[in-house]
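Next up: a single chain in C-alpha cells, the form predicted alone.
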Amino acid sequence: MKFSVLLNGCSESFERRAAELRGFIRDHVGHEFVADKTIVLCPDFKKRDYFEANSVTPKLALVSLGGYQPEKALAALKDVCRDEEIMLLPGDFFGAEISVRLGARLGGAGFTGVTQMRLEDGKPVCDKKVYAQKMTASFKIEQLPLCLSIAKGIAEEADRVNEPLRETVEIDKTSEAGGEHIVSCGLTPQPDEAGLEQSDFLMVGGKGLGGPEGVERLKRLAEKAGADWGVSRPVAMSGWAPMERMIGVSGIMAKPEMCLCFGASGAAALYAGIARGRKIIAVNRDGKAPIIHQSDAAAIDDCLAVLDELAKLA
C-alpha cells in the first residue's frame, strides 16, 4: 500500500519536521508500505532547490499557496490529494489540525498521535498512546483515504537517504478560492522552542517550585550553569512561566544529554517530554513520586533548598 508525506513548507521548522518523518518511516512504518511522494505546501517555487534537498521521498510535489492559511490549504489539498490512499503528517500543530480536517473533507479518516503504522489483512493499523500515555491502543482503519499525524517527539530525526529525485511537480494554487475572510496572516515562530528541543543540558521545574519566585530561582541557576530551562504543564498553566517553556506532550519534546528535574512528580505527560534524555536526575521531597523511579539518580529533598545549594556552586 502506498502513502505520501505532507509537509508545511511555509513553516520555519520544515527541515526538522521532514527529518522527523524520515525517522518515523524508517523506525515505525511497516515494510509493507511504499512511500510515493512528498507534498509540500509552499509560498512559491523560489526555494525549489531547498525543498528538493529535504524531500522525504524521491518524488516531490510543490503546491504554491502564496502563504500558509489553513482554509486555503485545505481547499487546495482536497484537489491535490484526491487520489491518495494514506497521507503522513508531522507531529506539530499543522499536522494535528490538517490530518483531521483533510480526512473529513476527503470523506475518509483522520488520526493523530500515531506511534506505529503497519498493515494487517490489507488494512492499515495505527498504534497510539492512551490513558495518559500508560497504554498503547491499536486501531484498524477501514475507511480510506487516511490522513494521520505522528505522535510528537516519537521519531528520531534521520538524514535523507542518498537517492536522487526522480520527479518534481509544481502545482500553482495561489489564485484559487479559500480563506477570503482572512484579511492578513503570517507566521510567528515561538521563541526558544527549537533551542529546548535540541538542548543538551536542561533543567525542568514542577509545582514543587511553589510559585513564580521558585521558577526565577530555577532560571537563575540554569543561566549560571549554562543550561536551558523548562517547566511542567501545571506550572505553565498556573502562569508561573511562559507557555513556550512547557515540557511534555502538550509542549516541547526534548532529548537532552543531561536533565535535572526539580519538584516535578513525573506525570506521564511530562516524562514523555524528557524520556529520550540520556541522563535524568530528579529532586523531590516525595520518595514515592514517579519521577524518583524514572530517573537515573534522585535526591529526596526540598527542591528549593537544593536549588540554592547548587546556585552557590555554579
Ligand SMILES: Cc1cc2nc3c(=O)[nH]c(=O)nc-3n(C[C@H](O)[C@H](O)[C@H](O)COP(=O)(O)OP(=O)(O)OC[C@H]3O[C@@H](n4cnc5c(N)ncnc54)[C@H](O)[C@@H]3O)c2cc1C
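Each residue number is its position in the shown sequence, starting from 1. Every value quoted in this text rests on a predicted model; they were computed, and no experiment measured them.
This next part talks about the form predicted together with the named molecule, which is not shown.
- Against the named molecule in the model of the complex, the set 265, 284 and 301 is in full contact: each member has a heavy atom within 4.5 Å.
- Using a 4.5 angstroms limit between non-hydrogen atoms, residue 206 touches the named molecule in the model of the complex.
- In the model of the complex, none of the heavy atoms of residue 35 sits within 4.5 Å of a heavy atom of the named molecule.
- Contact check for residue 246: a heavy atom falls within 4.5 Å of the named molecule in the model of the complex.
- In the model of the complex, residue 289 approaches the named molecule with a heavy atom inside 4.5 Å.
- 270 is the sole member of 41, 270, 260, 56 with a non-hydrogen atom within 4.5 Å of the named molecule in the model of the complex.
- Of the candidates 72, 217, 128, 233, 233 is the one whose heavy atoms come within 4.5 Å of the named molecule in the model of the complex; the others do not.
- With the named molecule left out of view, the stretch that reaches within 4.5 Å of it through heavy atoms in the model of the complex is, among 76-84, 120-128, 225-233, 106-114, 225-233.
- For the partner-free chain shown, nothing in 76-102 comes within 4.5 angstroms of the named molecule in the model of the complex, judged by any non-hydrogen atom.
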